[in-house]
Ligand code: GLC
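Coming up is one lone chain in structure tokens, specifically the form predicted on its own.
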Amino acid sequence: MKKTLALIFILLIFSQLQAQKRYEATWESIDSRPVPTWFEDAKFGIFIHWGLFSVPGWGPTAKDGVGIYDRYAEWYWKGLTDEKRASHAAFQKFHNATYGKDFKYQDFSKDFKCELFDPSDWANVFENAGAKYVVLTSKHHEGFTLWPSKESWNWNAVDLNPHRDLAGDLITAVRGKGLRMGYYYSLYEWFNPVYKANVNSYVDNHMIPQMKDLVTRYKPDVLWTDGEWDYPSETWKSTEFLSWLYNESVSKNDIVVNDRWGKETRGKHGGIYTTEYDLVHDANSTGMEMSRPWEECRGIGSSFGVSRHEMLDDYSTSEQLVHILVDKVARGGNLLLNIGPNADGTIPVIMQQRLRDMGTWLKVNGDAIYGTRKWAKSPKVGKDTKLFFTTKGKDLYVITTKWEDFPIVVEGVNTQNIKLLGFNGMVKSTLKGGKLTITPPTLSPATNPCSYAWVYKIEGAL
């Protein structure tokens, strides 16, 4: 009895010491903080790019011959003014023909009315999509905030149109559905005069107070920074802010941050590592097999902000999006899939349709996605891979993105306790020498459990 009490006491002391661990303002200390488990369990999130750029809602597309970064409609203001950008001429031509060369970007604020924005409708879309978390642009590089930030006086969604706390209204609705939510935040601002004149003053008196207000006001689950590339993290005082975030803030226990904290930090420092349209920044990665928990972000189309210039062929199909999700999760990552709402506050119907299709697939196969981890024995994933693997506890999931009638062979398992998710019939198999051969069942339109990808669950395989 005394030994038991002593052990309990030691465990309590250890737990308290762990809970009281303080993170210093060094990358060595900051990087030692584990990524909260909820993030690796969630697997699928919704990114939202929404702001004044949603009013023109325009960017070049692949048919204009520009690369992916130059198709971003949310870079409209920069596209108009930066002659070095490959897309400058296209943005300028569209703007002058549509609005006139004397029409200033700031004038778009009068049409950012969000008159049809219903956060409960959005939350329903996200829930039905099977997403587990949401990340909203609280402030993009244009500097316009979607909450009443005093650091952005008369350049926010409450002082100007739509005269509404968009960030606050949405987080309330999203959390009402039991989903996690956080915010994207741009460290830099293209045309902020203080930023351009004195970056140290900008960091001390604008950026850090603004981020602290965002965290304290809404207690977000994610702080997704961007726009870090102009300066090293020392200039942004990133480790000082993160030590406050992890030690003092209201979100210190559950908040997830990314790796965009300075021009030297992607794939090296911070929280999760990030990729964007499969562009990898982790020098220690093999393909997208990262050394830390990671997340791929991308649009359903080729822009994050809504682009009225995009055609159907610019959008990923529902099948492609399910395959992207499967690919990222099987590699140990998450998918943060972006939508670009219109300036009136509606989500384009094609985006809603894609999300609903993903949700329909996840209702059948979510067991192979949520809460899973990469299988250590998984064959290396390549561009032609059709067979993916995830694990949860002692169970192994075999995900095929192309239905085949011929047998599927899985090596390294010693059980035949197998089923096809969503299918009520039996699945035949043979087991010999640690090699499981699965014979796909014969399906009809009435018995086919889903579209796009199919999952075999092997219980007790690990």
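Don't overthink the numbering: it's just position in the shown sequence, from 1. Here the structure is a predicted model, which is why all the values come from computation and not from measurement.
Just so it is clear, the following notes concern the form predicted together with the ligand, a form of the same protein that is not shown.
**Q** Heavy atoms within 4.5 Å of the ligand in the predicted bound form: which stretch among 370-378, 387-395, 94-102, 226-234?
**A** Stretch with heavy atoms near the partner: 226-234.
**Q** Between H323, R71, R266, H309, only one gets a heavy atom within 4.5 angstroms of the ligand in the predicted bound form; which residue is that?
**A** Contact check passes for R266.
**Q** Please tell me which of W122, F112, Y184, Y246 lies within 4.5 Å of the ligand in the predicted bound form, judged by heavy atoms.
**A** Only one listed residue qualifies here, and that residue is Y184.
**Q** Heavy atoms within 4.5 Å of the ligand in the predicted bound form: does F44 have any?
**A** Judged by the heavy-atom cut-off of 4.5 Å, F44 is well away from the ligand in the predicted bound form.
**Q** Can you check whether E276 is within 4.5 Å of the ligand in the predicted bound form, heavy atom basis?
**A** Yes, E276 sits close enough to the ligand in the predicted bound form that at least one of its heavy atoms falls within 4.5 Å.
**Q** Although the partner isn't part of this model, could you tell me whether W294 comes within 4.5 Å of the ligand in the predicted bound form, counting any heavy atom of the residue?
**A** No - in the predicted bound form, heavy atoms of W294 and the ligand never come within 4.5 Å of each other.
**Q** I'd like to know if F304 sits close to the ligand in the predicted bound form, meaning any non-hydrogen atom pair within 4.5 angstroms.
**A** Taking the distances in the predicted bound form, the answer for F304 is yes, it comes within 4.5 Å of the ligand.
**Q** Thinking of W50, R180 and K219 as one candidate spot, does the ligand come within 4.5 Å of a heavy atom in every one of them in the predicted bound form?
**A** No, because W50, R180 and K219 lack any heavy atom that approaches the ligand to within 4.5 Å in the predicted bound form.
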